[in-house]
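The form predicted alone is given below as one chain in structure tokens.
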């Protein structure tokens, strides 16, 4: 039994889960210390609200009040988890190939722009609306793949660091999106008084199918996007762990020179990895804005989407495991919904919840460090045990020699 427990904790998956849980616990604890400090140094916030605030954050959408409010917030939480899950997968698959895809925000924007334009530009009937939605989804994903290939190409063939190219393509994408919609006013919601936003795709009869989920979570924007995102995560897990291509991608990430020596095309794998990463980030944007209840803020030249950047802590929290990304994205959205209720039920203002969430996200970055420490500790114990065994063998051999 003892050996089984040791074998369980020695597994990479177990260490990944433990490191993620430790990071979450540390983030929540430090977040509570922030709440406590604010209460101690303010006459307007009772100290008891620090404990109450922590409970509200941990309750997530279940702190929203009545059952109707809970259903509404829970539905929106699941809806918002889908794009975050896909940007997390985008960052994770790049990490697996030894690349840092900080270009997810730009890929996200390109996917959003392409899918919205296709959904609004093609006239639809009730019979064709689904096919236009599907086409918009695919076009959005392909545009993200093409945009992701740019830093992959520069990295593979020119040796340019992908982080630099990703940052450049982020801001190029932001300006491209602004320029395209500025010159195509027919997509802008001017008649609705929201000239800073595009029309919702429902204006053309296009929206992601809900399949009755809107009745289960009344008032929310939930649709089948969450199930699509989960299915994609499972497919990425299978790709990385059960296919030759996945093995090559990971081998390239561990050591691209060794992969090349083994006969693998490391340049192709780098470009392909970034293309997949770009497609995933763009797919997340497409699912979000094709919902019909979301409108794209098209003046993006001054600000990049948070969802693209938040994919980084999701991937780190999940130790780049595609299945872990499912839970990591859900957890961050869960905490986020709890934070929204902080100002309504305590004396803290609305910005404190963002601070607490930021602290938790910050600690998510230490997940890999903790996992490495757990691995080193295990290796040190194994090495110490090996030395002890060798010492015992040497002593025993010496005794046998003396006996002769």
Partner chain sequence: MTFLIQQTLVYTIPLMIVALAGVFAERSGIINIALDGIMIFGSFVGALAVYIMQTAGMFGDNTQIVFLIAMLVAALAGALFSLLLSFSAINLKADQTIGGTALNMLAPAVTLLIVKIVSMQDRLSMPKALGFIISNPDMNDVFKPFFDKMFISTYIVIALFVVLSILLYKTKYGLRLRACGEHPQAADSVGINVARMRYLGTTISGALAGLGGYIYIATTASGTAEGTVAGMGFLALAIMIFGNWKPVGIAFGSLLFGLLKCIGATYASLDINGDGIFALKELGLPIYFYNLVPYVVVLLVLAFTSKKSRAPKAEGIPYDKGQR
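Positions refer to the first chain, counted from 1. Just so it is clear, the structure is predicted and the values come from calculations on it, not from any experiment.
Only in words, not in the display: the form predicted together with the partner chain, which the text now covers.
- Here the chain stands by itself, but in the model of the complex one stretch of 72-80, 137-145, 95-103, 222-230, 95-103, has heavy atoms within 4.5 Å of the partner chain.
- A residue is said to contact a partner when one of its heavy atoms sits within 4.5 Å of a partner heavy atom; residue 178 meets this definition for the partner chain in the model of the complex.
- Taking non-hydrogen atoms only, residue 190 never approaches the partner chain to within 4.5 angstroms in the model of the complex.
- Contact check for residue 184: every heavy atom lies farther than 4.5 Å from the partner chain in the model of the complex.
- Although the partner is absent here, residue 164 sits close enough that one of its heavy atoms falls within 4.5 Å of the partner chain in the model of the complex.
- The three residues 171, 301 and 354 all sit with a heavy atom within 4.5 Å of the partner chain in the model of the complex.
- Shown without its partner, this chain lists 51, 29, 62, 362 as candidates; in the model of the complex, only 362 has a non-hydrogen atom within 4.5 angstroms of the partner chain.
- Shown without its partner, the chain has 38, 42, 44, 45 in segment 38-64 as residues with a non-hydrogen atom within 4.5 angstroms of the partner chain in the model of the complex.
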